[in-house]
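Two forms of a single protein chain come next, each set out by itself as structure tokens; they are called structure 1 and structure 2.
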Structure 1
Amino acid sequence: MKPQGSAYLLAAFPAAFLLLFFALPILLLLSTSMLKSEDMVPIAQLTTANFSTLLTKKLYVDAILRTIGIGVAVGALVVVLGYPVAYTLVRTQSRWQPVLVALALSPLLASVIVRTYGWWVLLNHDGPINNFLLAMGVISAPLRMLPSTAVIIVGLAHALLPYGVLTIMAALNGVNPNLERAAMSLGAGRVRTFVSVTLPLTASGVIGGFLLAFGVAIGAYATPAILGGPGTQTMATLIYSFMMTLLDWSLGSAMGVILLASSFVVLALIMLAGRRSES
């Protein structure tokens, strides 16, 4: 068999897998989102009313904007917190480096739900943080930290931080430390060396870490459901409500399409910004 034929054969199985389990479900989701629903059953009648409902009612618009805001905040937080950790792990000369890497990635050993409930225990009305602040006399009454969008951001950033660290570490491993030493030998300080040399060379890792955290955060269900509750809806929790509680598959599919479109729009904007900065 010719080498070119072998390459096509090797690519055939993953291509078929993606077509069957990715492309076709998205097409089914898109088609369902355009169907009219009567008595909670989609019927063969095309309509745009589902999108009109989601994009005009304040409850749904707030959930869409809240979800995008959470995704951007989580992505930024993961990058800001993950970069120093990744830089330290890559540049350290300690013989304990493997142990430090394992400790940095150890949160992945616990389920997201377990970690989320850990935050719920810490931040609830009778949790350790409120009890400590009351005992120290800092506050006179327990703080109401749950439910809130800020706590959702903290919980998701904590859950996704290891992924950001891994992505940035991969970029930092491709940067020769001698470039940083050369910049400092020419008179650049540590801050200028980081801004002018290290950060531009690891921009791909920063962008990748942000996009990874953003994509997972806007589609997360467990953390917003536990830390946000009914009063702090996101697109994922609304999709679950439409599909499983209201049994309105058309409206749920439309929200799913909006969720996918939001991811693609942010991805396109970041890629466009990256190309402009390179030029």
Structure 2
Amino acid sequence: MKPQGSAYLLAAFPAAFLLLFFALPILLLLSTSMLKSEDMVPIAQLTTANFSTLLTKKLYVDAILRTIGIGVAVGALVVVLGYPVAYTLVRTQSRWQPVLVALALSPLLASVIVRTYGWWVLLNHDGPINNFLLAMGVISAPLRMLPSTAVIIVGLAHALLPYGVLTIMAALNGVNPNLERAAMSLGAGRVRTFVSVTLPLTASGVIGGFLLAFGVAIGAYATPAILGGPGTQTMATLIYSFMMTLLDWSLGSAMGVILLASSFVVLALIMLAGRRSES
């Protein structure tokens, strides 16, 4: 037997599994998104109505734009908040460093629900923030912070922050600390050193962290479902109601395809920008 024969042999079963339960269902999804649906089951009749509904009705267009906005905001927040943490963790000489790393990553172990529930407790109309502000006399009636898009953004950024810390840490670990020393010895202060040396050399980590957070955020269901409401629908919550409540699978599939496309478009845009800045 030729050596590569054994590669085929090894891969056969898992490859069949992935073809059957991943590739085929995705293809099916792509096709149902272009089929008409009758009583939940798509029927064999091609149509673009699903997409035109989703892309013209204000309710749906708003949801799509809101979702992308949430994704961008969450990605930016994750990167902005994750950078100082990653920088400190990588550069510190403290012997508590491993503990701090573990602490920063531990939220990853918790389900998104756990991570989001705390925000609900904190921000609901009779939560500690409202109670505190009322007691201090700053406000006379509880603030309605829930449901709102802003809180969804905060909740998701919180849930995804460890990913940002991780990707940026990985990038920072690849930067030779002597480069920063060289810049400083040549007269660059801390801020200039950071802006002209550290940041450009960790751009890949920043972009990676942003993309990762963006991708997970636009496909997240639990956080918008808990912290949002009817006025703050996202693609994920809409997909859920299409599939499970309205039982319109074609519309759900079409929204799924739009969700997929959004993440690919942003991915492509960023890769394009990266290529341009390189040349």
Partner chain sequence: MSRKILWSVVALIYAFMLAPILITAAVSFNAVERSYFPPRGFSLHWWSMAMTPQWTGPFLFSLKLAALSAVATAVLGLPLALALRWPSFRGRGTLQALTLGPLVLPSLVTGIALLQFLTLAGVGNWIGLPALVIGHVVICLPFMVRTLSISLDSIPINAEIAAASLGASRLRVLIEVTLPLARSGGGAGMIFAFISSFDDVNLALFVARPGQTPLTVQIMQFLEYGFSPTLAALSIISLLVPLALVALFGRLVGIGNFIYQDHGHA
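Everything numeric here is computed off the predicted structure, so don't read it as measured data. Here the rigid core means the biggest group of C-alpha atoms that line up within 1.5 Å when the two forms are laid on top of each other. For residue numbers, the reference is structure 1: its sequence is counted from 1.
Just one of these is the form predicted alone; is it 1 or 2? Pick structure 1 here.
Does residue 267 shift between the two structures by 2 angstroms or more at the C-alpha, the core having been superposed? The answer is no, as the C-alpha of residue 267 shifts between the two structures by less than 2 Å after core alignment.
For residue 24, what C-alpha shift in Å is seen between the two structures once the core is overlaid? C-alpha shift for residue 24: 2.6 Å.
Once the core is aligned, what is the C-alpha displacement of residue 15 between the two structures? Give it in Å to one decimal. In the core superposition between the two structures, the C-alpha of residue 15 moves 5.8 Å.
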